[in-house]
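Okay, so we've got the same protein chain twice, two forms, each given alone as structure tokens, structure 1 and structure 2.
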Structure 1
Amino acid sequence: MSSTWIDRNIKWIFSLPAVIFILVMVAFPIAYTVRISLYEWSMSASTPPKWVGLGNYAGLLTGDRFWASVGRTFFHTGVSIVIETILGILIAVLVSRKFKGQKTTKTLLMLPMVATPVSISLVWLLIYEPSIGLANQILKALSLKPLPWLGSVDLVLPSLILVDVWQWTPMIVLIVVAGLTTLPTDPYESASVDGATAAQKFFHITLPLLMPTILTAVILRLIDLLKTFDTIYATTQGGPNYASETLNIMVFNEAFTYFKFGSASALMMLFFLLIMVVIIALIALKKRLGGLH
């Protein structure tokens, strides 16, 4: 009898560990965050959490600071992903060709990815240092005026984008190189017979065939970029004057600088929804492009 019951429910028994894992590690933290987001809870006050319903959400959506952070997050993410994708494809095509030192070049390209974000941030803090930093030393050598890379409201985000491009373009390279190795050779042979140039082969054969791979790389990189926290916090902490405060930094500041856990939780939920919308749109685009090939 017991054996019969196990045989009848074997699929549920094997699924149970995964269900428990999802409930404990995913569903519970999200549900708890939603609950906190409905309270006004400040650790700096002695009063207990107070139910405010959607008040925290309304306060964020009607405030300028939230929308400014959304704009900075999308600017940092959008510009970084465009530059990293273009550079990544070009570098991948170049390093895929046979040349002396190819393996060494590929290994060196991967080095920024294996370093920790905090160590990368410290290195770039030295590079951007106004007096003795390498960036301004190069400008001085070119007879140009030194720049306050991380101290200027206008320059801080482009400076942080440069750090991200330097560190994570190799990830796009790695994925695109893997995609290039799977491309069929027949279209290239036919194009060569027809007298197509290298540029025509790249734009009319390589890029269309690589598009699903490129979109996969973009989705993976996009998820990482939207979550960027450590590099920005270690270099600027959201400054100067909130000029590099992205949504992640704003969540941290709300929770651990101003101790507004209700507001920080509401901000996290809004950010979560925003990321979900972007990822779903990209996956739908990838499926559509996949269906075209």
Structure 2
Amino acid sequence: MSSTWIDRNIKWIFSLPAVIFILVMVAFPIAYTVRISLYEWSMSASTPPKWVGLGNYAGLLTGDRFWASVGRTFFHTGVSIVIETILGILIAVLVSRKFKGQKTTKTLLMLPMVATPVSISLVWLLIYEPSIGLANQILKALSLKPLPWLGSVDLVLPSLILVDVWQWTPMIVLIVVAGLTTLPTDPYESASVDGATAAQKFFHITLPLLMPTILTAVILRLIDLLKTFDTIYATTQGGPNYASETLNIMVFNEAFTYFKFGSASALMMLFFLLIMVVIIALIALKKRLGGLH
């Protein structure tokens, strides 16, 4: 059997087109971003890019807007992930027991995460509308005072967190439900013999066994939460008065509202570093706690 040139190099023939595509569309742009982060460059101005070294970075790190934005990103991500994880595990345990209509329930729970984010944002824009929105109608029905959901500096982030919880808790549910089906039955049987209560079984058997699955779900969700864009931009564009401007929104506004590409690129690199640090920390935590399978 003589092997042909194609057969001997099949590994490269199969992977090279994708490698080249990723290099051209991803690696090169990132390198280019690093470069322009060292220049002061406004696309709108007629002045050519000016080398400023680490000036853009220094400007960001010493300014208030960057740190406020970091704080908002952590607040939005942190609060959302805690609520989504706890709620997600509870709902998963609830819907994974066998009952009539289980399939329909799971389908309905899946809908928020496949629906188009922009239309979801617009629906929530109407729900939060101060005078006619559903949110304030409910408050009125309960004889409570209506709230300026997206219009107030203090309320806008919690309101956006509620949207994220609604849209993405189902993802934690789906992953945990999948994890629950792979759990062994023996520990539960011996626990039943020992007379353990349902709560004891949940905390001493289910949760520890599910830990690796839960951590994976949390990592996947965190990666996306840090980058939340569609729902925030389509509802508030970062307003009112920057109160919902997370890092991703700030990069976008710097780049495409003010066309300050240099400073936007520096901000992007800091944002990128932050994401990498969070993810590396989580993967290390996962290795220690759950072990990678």
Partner chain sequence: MRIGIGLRMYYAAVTIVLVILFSIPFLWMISASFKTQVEILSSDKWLAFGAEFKNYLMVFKEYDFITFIRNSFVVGTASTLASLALGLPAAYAVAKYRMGLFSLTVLVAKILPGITYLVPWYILFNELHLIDTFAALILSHIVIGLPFIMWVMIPFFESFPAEVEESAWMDGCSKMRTFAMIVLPVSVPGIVTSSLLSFIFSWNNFMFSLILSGEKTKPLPLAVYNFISGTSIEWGALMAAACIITLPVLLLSLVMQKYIVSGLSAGAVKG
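In this text, rigid core is short for the largest set of C-alphas that superpose within 1.5 Å between two forms. Because the structure is a prediction, the values reported are computed rather than measured. Structure 1 provides the reference sequence; residues are numbered from 1 along it.
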query	finding
Of the two forms shown alone, the one predicted in complex with the partner chain	2
Rigid core superposition, residue 281 Cα moves 2 angstroms or more between structures 1 and 2	no
Core fit, then residue 54 C-alpha moves 2 Å or more between structures 1 and 2	no
Core-superposed C-alpha of residue 31 shifting 2 Å or more between structures 1 and 2	no
Backbone CA shift between structures 1 and 2, residue 20, after core fitting (angstrom)	3.2
Cα displacement of residue 9 between structures 1 and 2, core-superposed (Å)	7.6
